[in-house]
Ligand code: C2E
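Before any questions on binding or motion, here is one chain by itself as structure tokens, the form predicted alone.
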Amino acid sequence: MPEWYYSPVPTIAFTQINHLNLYSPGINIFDVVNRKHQKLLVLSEYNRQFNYVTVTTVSYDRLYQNLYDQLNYFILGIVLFYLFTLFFYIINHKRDQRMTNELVWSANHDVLTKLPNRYFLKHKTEDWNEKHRRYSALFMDLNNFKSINDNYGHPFGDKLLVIIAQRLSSVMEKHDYVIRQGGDEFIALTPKPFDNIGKFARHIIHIVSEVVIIDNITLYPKITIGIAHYPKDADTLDILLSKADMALYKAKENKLNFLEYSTSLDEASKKRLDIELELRKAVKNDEFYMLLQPQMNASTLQIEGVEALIRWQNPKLGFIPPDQFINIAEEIAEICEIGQFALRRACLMVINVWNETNTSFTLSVNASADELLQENYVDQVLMILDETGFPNHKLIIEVTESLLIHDVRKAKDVLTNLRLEGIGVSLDDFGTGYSSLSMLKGLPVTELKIDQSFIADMMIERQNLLLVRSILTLGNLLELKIVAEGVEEEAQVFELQNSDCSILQGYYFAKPITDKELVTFIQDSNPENTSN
């Protein structure tokens, strides 16, 4: 018989078990009931080598309790796992939602000014049209913003735009809103009665025009507004904005603070578009030609120079005067090519006149801001002079004061380089700007041209006469040549001669003429054809 070893094993366990089963090899499992009527699980293992039986019992209640405990731990683990997963899902969802909101906000707003943008406007149009059966669009543009950026830098310009945006927002009422279109352009929509829009526009202009101080620099910003009304002027937002933009362009052209759209602008807009399309191919098709207007020595009344004036004859549009196409050429970046054509053609024409008449005189050619501020403008001028054989000292480049305002420092550098090459510099339309006297300081100018608006009325308006005399006195003190343009009467000639004016130009002597007509003009005025 094997020895028994158990600890602890109730005796009743063995009374309910066949002892032979205890000697079976391996582990044996039995169910028994103890005196307390508790069901027990008995496990036995017989060891042949040492001839003993190991018996272990455990209560089913305890097993069930352990099972419940383990199951609870398992369930708790699952619950914690799902809670943990849910927590991270919520966190990630909120983060994704925040990122989505930020992306949606960025897509609908201008990052710099925090105003809504054109995308926002486009997607709000339908709601806006349903809420407001009648409303107005105000297309606004900040004046001279490019020159501010050029002179003070883009960070400075950005600060100004933020201030302008804040001022525009401050005047918007409950049902109005304003967006930044881009650059220095803003758009406002308002359901105010059409009769009150002019007052609203003037209020905007007044608020925007208040003094601004940025980095110790004082500015007086100005804004121009074009206005169009829905559905009076257009039945879609895109067309409405194009009409407002059209009114803005016309307001700038006429130097108005604001302008409401009218149907008459459509014809002007169509003509402008036609000019733009034809202008892009005008140089290639050789549609431009040059005229020369004589400039007479005030003392001798003999020719001393000519001003080259460009003209355009288009097969489709007919004759287009310069005041209609020059600004457009600047806007579509065609002016530089046109300017090069004008200089080259004028040089060749004048050389031919010199040869025909055995005379020599100066040539004045106008330069636009876009031309003058090119990086290689001086090199281009010198190249054309070299190609045509035109002497540097006989060329005068005419610039306007408004041109210099674009970038005074760079303009000074370019003009100085022209002077170093022996080329003269004339300040055109002198007296029409706001700071003509200050512009003379430090500028390498060799000549002043008195604007024809002063000459025209100087024998009638004493104020104009005094102004002309003052300019002549100033010019003579600075040892500059003074050109009076727009001379049309003999009395004007006598007055200018007596006031020591240097050169006279105008219809009294000759209108702008061709080179062949100039040859005849010189021969008639100087039959002996002596050289100057």
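What you see is a predicted model, and the numbers here were worked out from it, not measured in a lab. All residue numbers refer to positions in the sequence shown, first residue = 1. Each form is matched to the other, and the largest set of C-alpha atoms that superpose within 1.5 Å is called the rigid core.
Omitted here: the form predicted together with the ligand. The next part is about that form.
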{"property": "Residue contact check: D195 to the ligand in the predicted bound form, 4.5 Å heavy atom", "result": "no"}
{"property": "Any non-hydrogen atom of G183 within 4.5 angstroms of the ligand in the predicted bound form", "result": "no"}
{"property": "4.5 angstroms heavy atom contact with the ligand in the predicted bound form for E488", "result": "yes"}
{"property": "4.5 Å heavy atom contact, E398 and the ligand in the predicted bound form", "result": "yes"}
{"property": "Which of 75 to 83, 146 to 154, 321 to 329, 389 to 397 sits within 4.5 Å of the ligand in the predicted bound form, heavy atom basis", "result": "321 to 329"}
{"property": "Contact test, all of E304, R419 and E447, partner the ligand in the predicted bound form, heavy atom 4.5 Å", "result": "no"}
{"property": "Contacting member of I214, A411, L309, L348, with respect to the ligand in the predicted bound form [4.5 Å, heavy atom]", "result": "L309"}
{"property": "In the predicted bound form, the one of Q380, S269, Q452, N117 near the ligand [non-hydrogen atom within 4.5 angstroms]", "result": "Q452"}
{"property": "Those residues of 357 to 375 which, in the predicted bound form, come within 4.5 Å of the ligand by heavy atom", "result": "N366, A367, S368, E371"}
{"property": "C-alpha of K255 moved at least 2 Å between this form and the one not shown on rigid core", "result": "yes"}
